[in-house]
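The chain below stands alone, shown as structure tokens; this is the form predicted on its own.
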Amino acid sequence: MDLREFLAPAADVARRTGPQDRIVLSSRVRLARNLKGFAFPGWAKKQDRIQVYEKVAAAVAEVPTLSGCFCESLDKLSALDKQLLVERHLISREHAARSGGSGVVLNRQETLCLMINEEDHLRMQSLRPGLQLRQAWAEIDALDTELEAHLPYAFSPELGYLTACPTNVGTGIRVSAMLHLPGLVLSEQINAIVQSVNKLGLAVRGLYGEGTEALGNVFQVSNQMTLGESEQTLLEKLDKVLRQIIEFEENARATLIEKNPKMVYNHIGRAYGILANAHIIASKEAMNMLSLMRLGVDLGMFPGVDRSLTDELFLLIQPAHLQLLHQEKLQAEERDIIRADLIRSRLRSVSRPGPPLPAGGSTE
């Protein structure tokens, strides 16, 4: 099965909607599991990793929820294929660097994805657009139960599920959401928010997780510890914090429009001007400019323009997706030119931004 034919078109991905998706781009619940009797992937020999992969792949074939899914060993995928999965947040950058004995399982809707032999033998995740933590948890919990009927999980009555990293021991759950927070960044409140969230025992990371920067004003918020708290407690805790951050972001936007609309108009107008006229643009600059344009769409400054346009471009301009549009291999300088051409073409019918709407004035 060809991965590129299996993946949904970027336009379809961009049109996926969910609750609070002005600010919450996606919700994710991930579970870490290991098989009893096998060394963790970081210590396992290649033959042991291959054996684990085969056991998990066999279990996947027996699970009705994953019927018709994409299931493949990473050594059968090209570097471009793996980078496409990273850019869609379906696998981690660390997993993309692995080969023999590691694999990926993905359902057609791209709501369920399994990483085989990443840091743990099995990392399964449910992804949903908008704020849908409870729905993501229900989906991954059901899949976990189905798989556990076919796989012998490593479990301790005292500690819970055993994992390669101590921070995942216990429930093995990682709950997270991807947030678009340009209002807090422009109003210079983001650092205070990050510090407050950290004090609550939660982690704030960049676009691609740990050790990455918040490109396009996008931040990941997740739990840090999994031992000693139930899945339901962790879900409720993160959901409460996320709703507070949403409120802070909405208030920041409203305050900026009320007290300093010219500053907002300037940032968004300049971003549109660069995107609509640049002939060379790097992915980092393009993502930051598209973030501001997305804010402009949310504020009603681009009448008739749907947010899916900026969300699709946010995906298409990333290196692997851009490469996918062209048969020949592109160098970084060539990508910067083609990226600019693509953006200019897609924005040709978009008029320059108008004045911001009054505080709270969204086109939604």
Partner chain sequence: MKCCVCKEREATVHLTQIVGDKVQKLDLCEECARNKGINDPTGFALADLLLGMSGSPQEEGTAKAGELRCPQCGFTQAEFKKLGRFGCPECYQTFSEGLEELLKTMHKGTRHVGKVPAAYRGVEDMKKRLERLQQELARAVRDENFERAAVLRDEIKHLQARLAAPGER
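All of these numbers come straight from a predicted model, not from anything done at the bench. Positions refer to the first chain, counted from 1.
Unshown form predicted together with the partner chain; subsequent notes refer to it.
Student: Please check if T255 has a heavy atom lying within 4.5 Å of any heavy atom of the partner chain in the predicted bound form.
Tutor: No.
Student: Test of understanding: in the predicted bound form, would V63 fall inside 4.5 Å of the partner chain by heavy atoms?
Tutor: No, V63 stays farther than 4.5 Å from the partner chain in the predicted bound form.
Student: Heavy atom to heavy atom, is K199 within 4.5 Å of the partner chain in the predicted bound form?
Tutor: Residue-level check for K199: yes, a contact with the partner chain.
Student: In the predicted bound form, is there a heavy atom of the partner chain that lies within 4.5 Å of any heavy atom of Q109, even though the partner is absent here?
Tutor: Output for Q109 is no: heavy atoms all beyond 4.5 Å of the partner chain.
Student: Okay, which stretch from 281-289, 80-88, 166-174, 101-109 lines the partner chain in the predicted bound form, with non-hydrogen atoms inside 4.5 Å?
Tutor: Among the listed stretches, the partner-contacting one is 166-174.
Student: In the predicted bound form, which of the listed residues (I246, I190, V204, L162) lies with a heavy atom within 4.5 Å of the partner chain?
Tutor: None of the other options qualify; the answer is L162.
Student: Heavy atom within 4.5 Å of the partner chain in the predicted bound form: which of N266, S230, N277, N251 fits that? Just give me the one.
Tutor: The residue in contact is S230.
Student: Would you say all of E119, T145 and P157 touch the partner chain in the predicted bound form, counting a heavy atom within 4.5 Å as a touch?
Tutor: Every residue of the spot touches the partner chain in the predicted bound form.
Student: Do any residues of 10-39 have a non-hydrogen atom within 4.5 angstroms of the partner chain in the predicted bound form? If so, which ones, in sequence order?
Tutor: Read in sequence order, the residues that approach the partner chain (within 4.5 Å, in the predicted bound form) are R33, L35, K36, G37, F38, A39.
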